[in-house]
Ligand code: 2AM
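Just the one chain here, the form predicted alone, laid out as structure tokens.
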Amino acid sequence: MSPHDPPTLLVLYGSQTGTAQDTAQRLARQAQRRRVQVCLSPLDGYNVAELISESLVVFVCSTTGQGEPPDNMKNFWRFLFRKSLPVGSLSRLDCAVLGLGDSSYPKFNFVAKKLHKRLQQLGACTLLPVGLADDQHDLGSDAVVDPWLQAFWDKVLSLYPTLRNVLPLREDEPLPPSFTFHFLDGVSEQTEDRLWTDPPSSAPSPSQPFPARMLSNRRVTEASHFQDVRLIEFDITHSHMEFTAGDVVMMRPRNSAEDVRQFCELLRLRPDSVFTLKPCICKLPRPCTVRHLVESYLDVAAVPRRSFFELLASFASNELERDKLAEFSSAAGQDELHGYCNRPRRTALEVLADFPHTTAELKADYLLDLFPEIQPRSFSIASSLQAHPNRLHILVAVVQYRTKLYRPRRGLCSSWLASLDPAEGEVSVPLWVKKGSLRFPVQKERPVIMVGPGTGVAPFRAALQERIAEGKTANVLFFGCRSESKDFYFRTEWEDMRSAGHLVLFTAFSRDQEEKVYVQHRVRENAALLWDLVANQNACFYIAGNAKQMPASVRDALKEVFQQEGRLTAEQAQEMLEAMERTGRFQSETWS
């Protein structure tokens, strides 16, 4: 490539939880500081047919579920893997791929690896090896991202030597804001629920969720139990929502009234002030109040990312605060940042309170650069339309835990849901449904084995209701919890199914005896039954629940079953499990 002026850098991202988007934005800011023209877009917001005429592109993408692309890159993914695409169609393209993943999942960074390979197949020149960032690293994904970005810019400087003569913006010079706030006097806000004043004519979506009326919000753990778990029921009449066992429901939580009040105080904003934005954001009403923006859009209760500190540092004029923020923003200061922010799970709001001089200098125009948008949360649907028409149930563990910080840490969505009480007045929650990763067999006689400890049992309740309604009675469930009397979810339902001959149930109550008993122990104990179901009756095996140790322990127990009952070697047992995974006979849905 000739050493002329660099082309516009195109940064495309596929992001599920916002991490890849944040990294893509960081790269775009680095380009702006180097005075390189840059364009940033989610992959599905870009016309992929134009890729053949691009010169320089960086793809930043995460991997979801069982090695699938994020929602906002699925259309791009389908297009790129069309067999009809000519082999040399991207021969003019210089590109690089940065993947964000978690090595505790079996398909670590699968999307980035596959994308890198596909771009090479189509003739693109990959400027450097695919970056494989790992959330499990002590310093998080930055341990890979930092050196990868440095290597990328070194490569760009060698391709375009004229860039070496450009004086970059200093790190402490704020970049121009992406948005401008125009505050309006004497204007009252439009209705915030404008999205759903009329009954929807099609299935709900992220841009047009359905306001589902909450019918009940019932605690299902015993009052003395350490964890508050809720069974929540929604009315979805006239919503056009359809779902089957294994699907998930999506919702966007809201910040608490107390957090909204404190945020407005710290930034000296009046909650009732009304503004319009340029460019506008379609998810916000026009005009919009500060209260609505903070409550429903800005993620102020999350643990902030490093980019938050980078931006704050550029506003700081107080020397002490500026030095500390600069340290937190630097590659060398990541251990320090981890200790201050990630380990104790300190929120962005608490950080603002710790840096009062810098917070006082923040202008409203930068709020949308500083705070990411609240991301939707997903819950396994815990009911079947065949058993509960026009209803949707979820099982929610209210997240609360302590760190060294004085106030307990709370999960944003679960705490918000727990605070809603339909007995005190009508409550509606905007929802939409998404295909889940679990798929259940259509054949009537095919047995299903489900391992769902704790709230992991939610999708299996939906599956059992659906299967029994369809006359599929070969069902085995392994359920585990701490105590039979405190957190045995849906006990009477399982007992009814068992007495009707529709379910074989195995339970593990870990704290009800001296030695802890978990679901993997019950799997081992029932080796003969499981081997017969899997080897002779072609059963499907499912795991759902917390991603810490349980999924790996259950996998190991199942391999031991194959070795013991099927007389297989360890290698053969591993191969058998992998073959089941490939054909969809072994599936897992885990979350951290």
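Quick caveat: nothing in here was measured; it's all calculated off a predicted structure. From 1 onward, residues are counted along the sequence shown.
FYI, the form predicted in complex with ligand 2AM isn't displayed, but the following is about it.
**Q** In the predicted complex, does each residue in the set 453, 511 and 549 place a non-hydrogen atom within 4.5 angstroms of ligand 2AM?
**A** Contact check passed for all of 453, 511 and 549.
**Q** Among 465 to 473, 382 to 390, 310 to 318, 515 to 523, which stretch has residues whose heavy atoms lie within 4.5 Å of ligand 2AM in the predicted complex?
**A** One stretch meets the cut-off, namely 515 to 523.
**Q** Consider residue 481 of the chain shown here, and say whether it contacts ligand 2AM in the predicted complex, taking contact as heavy atoms within 4.5 Å.
**A** Residue 481 belongs to the contact set for ligand 2AM.
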